[in-house]
Each structure stands twice: as structure tokens, then as C-alpha cells.
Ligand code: PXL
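Next comes just one chain, in C-alpha cells: the form predicted on its own.
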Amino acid sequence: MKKVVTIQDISCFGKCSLTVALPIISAMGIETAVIPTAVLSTHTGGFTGYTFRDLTSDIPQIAAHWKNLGLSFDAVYTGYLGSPEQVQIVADFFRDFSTPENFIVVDPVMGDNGKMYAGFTEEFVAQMRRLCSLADHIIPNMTEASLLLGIPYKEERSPEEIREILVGLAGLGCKTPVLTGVRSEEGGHGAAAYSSETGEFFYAFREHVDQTVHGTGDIFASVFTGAAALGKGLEQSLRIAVDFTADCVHETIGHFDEVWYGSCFEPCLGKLIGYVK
């Protein structure tokens, strides 16, 4: 059985981060280990008065225990990291658990819709660039790609601009950048990827839905990581991640009052199992 470890926060109520990654990757038939970076009573999008407990000091202790046990993983996947200190600790984790046989995925969660998330600074962006240099795959959205490359944000980019951004992201040091939130010339919505080893570009699109649904970035990154861990190629992993994310968006639109709460991914897990088979 394949094994993936994912490092990100967990919201006790709401659908994002570990509450998305753990069930989705597990449904793909992959043993999923977790390192929570923080525990929140709810996610922060749409809720107020939530509790927050920082677990930064616990991460090195967990890593040390695992190292003593001789644990190994087929993939290491990071999501939301809350501070430069956490980024450095995760970089140390990469050093201790990276092998020639496994791969690292960094979802550089920093912002969306052209704005950096509250509490982040340029120092954090610089730290995230360094973390991305240690990854095999990075999965930024348009906002995060702009921050990483220090370029102005634009919601829509031409095909030429998308290729330039992907090549620029590979220049940070990662082998395969994957850019989400890409619009096709025909009006579709999806993602694009670039293999720095072969020079090839890959694209996957579904129909655009003019509605923001919370947690879709976490869904996409989790599915992409799981597909890659199962040995799917870059093009197929991209396709599966785009299709399942789009399925979840359509399912959530059918429960419109839940859009702010998170994606209704659970009814779609059967489709995901079909995609990976």
C-alpha cells in the first residue's frame, strides 16, 4: 500500500486542509499519515470566534519519533503553513524524509483572488519560495504564483503568459509546477502543468462555474498528490484532479447554502475511486 504524509492545519468543523486531504487521499486507496500544524474549532472562511491552537513545537517531536521508527513515505505533501518558523521546520522534515524513491508536493497557500491572506508578510513569501525549491511539484493558484514570482496579479492570462509563469515557477527549483485557476481560450476553467525535464506543457479544463467554493484548492492538491503516488503520469494526474474538483463544485452548487462552509466532496468520492481505477 502506498503511504503519503500530509502536513497542514486541521479544522474540527468545516471542509478544508486536513479534513479534506485525509478522507480524499484515503479514498484513493492510500495510507495517509498526518502532521497537524494547528487545530482550529472551525475554518476561518465564513466563521467568527473560532479557537486556534498552534502546534509548531510538536512537529519536530513527531518527526523525531518517526525517524527513530524508521518510517518512510511515497510522498510528502504540505498545505497551509502559518509562519516562517513552520516553513523552516517543514524544510527540515523534507531533509529527513526525502529519498530518491519518493516525491514532495508543496501547495504554497498564501492568498487568493489577488490578495495575500491576513497575517502573511513578504518574509513569509521569501520563505515559501525556498520551500518550493525543495519540492518536486508545487501547486500555486494565480495569486500565489504572482507572489512567488514577484509579478502583478491578473485573474486571466494568455496561453503565452501561462507558459511563462510555469517556466518561471520551475526556475524556483521545483521539477514540475502545476498552476490552478487557469482559464482556456474557449472559456473553460482548470489547471496547467509543466515538466522541466521534458519541456512539455499539459492542460486540463472543465466548464467554468461563476461561483467561489471554499476548499477546492485543497481538494485539487490532495487528488493530484494521490494520483501521482499511485503512479499516474503528470497529464493523467492533472486530468483526474481537475475532473474531481469540478465534480465537487457542481455538487456543492446543488447545496448552495453550503458554499461558504466548504465543498460537498463526500458524495463524489465514488467518482474519484472510478477515476483512479
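Residue numbers run from 1 along the displayed sequence. Computed from a predicted structure; not experimentally measured.
The form predicted together with the ligand exists for this protein as well; it is not shown, and the discussion that follows is about that form.
* To do: Examine Gly233 and determine whether its closest non-hydrogen atom to the ligand in the predicted complex is within 4.5 angstroms.
  => The answer is no: Gly233 has no heavy atom within 4.5 Å of the ligand.
* Hey, in the predicted complex, does His250 get a heavy atom within 4.5 angstroms of the ligand? -> No, His250 stays farther than 4.5 Å from the ligand in the predicted complex.
* Would you please decide whether Ser11 lies within 4.5 angstroms of the ligand in the predicted complex, comparing each non-hydrogen atom pair? => Yes, Ser11 lies within 4.5 Å of the ligand in the predicted complex.
* Would Val109 show up as a contact with the ligand in the predicted complex if we use heavy atoms at 4.5 Å? -> Val109 belongs to the contact set for the ligand.
* For the chain shown here without its partner, which stretch in 66 to 74, 22 to 30, 237 to 245, 210 to 218 has non-hydrogen atoms within 4.5 angstroms of the ligand in the predicted complex? -> Result of the contact check: 210 to 218.
* Consider the chain as shown here, without its partner, and state which of Phe94, Tyr80, Phe103, Phe124 has a heavy atom within 4.5 Å of the ligand in the predicted complex. => Answer to the contact question: Tyr80.
* Asked: Can you name the residues of 16 to 52 that have a non-hydrogen atom within 4.5 angstroms of the ligand in the predicted complex?
  -> Stretch hits, in order: Cys16, Ser17, Leu40, His43, Thr44, Gly45.
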